[in-house]
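Quick heads-up: it's one chain on its own, the form predicted on its own, in structure tokens.
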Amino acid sequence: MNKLSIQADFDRRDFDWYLDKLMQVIVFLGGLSAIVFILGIFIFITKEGIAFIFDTMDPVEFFTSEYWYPADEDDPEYGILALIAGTASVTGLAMVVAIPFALGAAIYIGEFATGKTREFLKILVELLAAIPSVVWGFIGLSIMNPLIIKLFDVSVGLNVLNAGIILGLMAAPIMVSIAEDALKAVPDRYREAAEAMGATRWQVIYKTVLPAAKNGLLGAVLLGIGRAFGETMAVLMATGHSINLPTSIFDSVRALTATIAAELGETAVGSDHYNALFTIGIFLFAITFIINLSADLIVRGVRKG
């Protein structure tokens, strides 16, 4: 080997080394940017809402009162209990709709469908996930609304049932994708061992595959909860946007996210109303953090078990 080829080999190694280091830096900065963005968002909403928290807000009224009248010049009221109840009722019903549908679809795609059928269903699920939320809201407003009125003989079809179904359908595609990946990650030797012991197809799935994939399935469910909990436009269009403590699935409600979307553009910057909306944003941020932290602790506990 001559000197030129040796030098070229060293130069190529140096180039590969620098390229490797450059990619490590880029990946590190990409991961770091997510933390920076989250901190930036938290700092921004905290800066806008902190004045209301310390100067105006009565914590007892804020969390226990169902009256939200921030635009009243004489006696403004800042109670978000009805908004919390509306968000919780819609999200809960959405999960009742989405979880059985998503897990059933994931099991069929991952364990029963084969070949072109599986690929077609996976593409269809991804297309459903890509539908804009405003389109789902329009479906709730123009299709589900008269359908609910006709089927259940109620005066208004924009209610918890409408929004719950719409949000369930919105959350299900994402849950299907994550759950199907979790099921496919289960090693085939688990299935083969169960079948060798005489287990039927359903017994293999129920007794072996689902327990082995429970971490991923839990992640899929929590992702669906986050999707439904943070949705804005579809909730705004499908719930009726009425401040109520719901007593049935046919009551119109208002969600926390929809309240921010509907009112933020009409408030004076720096006013108590404006700052109160950012305080709701802080509350939403805190709830999301608690959900994610709880999910992490649950998953860690499941792994240890």
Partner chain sequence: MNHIQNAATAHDEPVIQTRKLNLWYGDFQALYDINLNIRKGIITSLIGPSGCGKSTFLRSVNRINERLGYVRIEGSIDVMKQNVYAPEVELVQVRKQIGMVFQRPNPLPISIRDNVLFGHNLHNRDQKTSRSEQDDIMEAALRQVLLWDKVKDRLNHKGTSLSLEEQQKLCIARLIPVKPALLLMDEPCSALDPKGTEAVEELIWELRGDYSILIVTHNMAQARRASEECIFMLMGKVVEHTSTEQMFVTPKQQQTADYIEGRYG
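Positions refer to the first chain, counted from 1. What you are looking at is a predicted structure, and each value in this text was computed from that prediction instead of being measured.
Not pictured, yet referred to below: the form predicted in complex with its partner chain.
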Seminar exercise, completed: Checking Ala196, Leu151, Ala185, Val135 against its partner chain in the predicted complex, the residue with a non-hydrogen atom inside 4.5 angstroms turns out to be Ala196
Problem set entry | Residue among Thr200, Ser142, Ser155, Thr117 with a heavy atom within 4.5 Å of its partner chain in the predicted complex | Thr200
For this session: Pick the stretch from 92 to 100, 123 to 131, 176 to 184, 204 to 212 whose residues have a heavy atom within 4.5 Å of its partner chain in the predicted complex.
Result: 204 to 212
Problem set entry | Contact test in the predicted complex: Tyr190 vs its partner chain, heavy atoms, 4.5 Å | yes
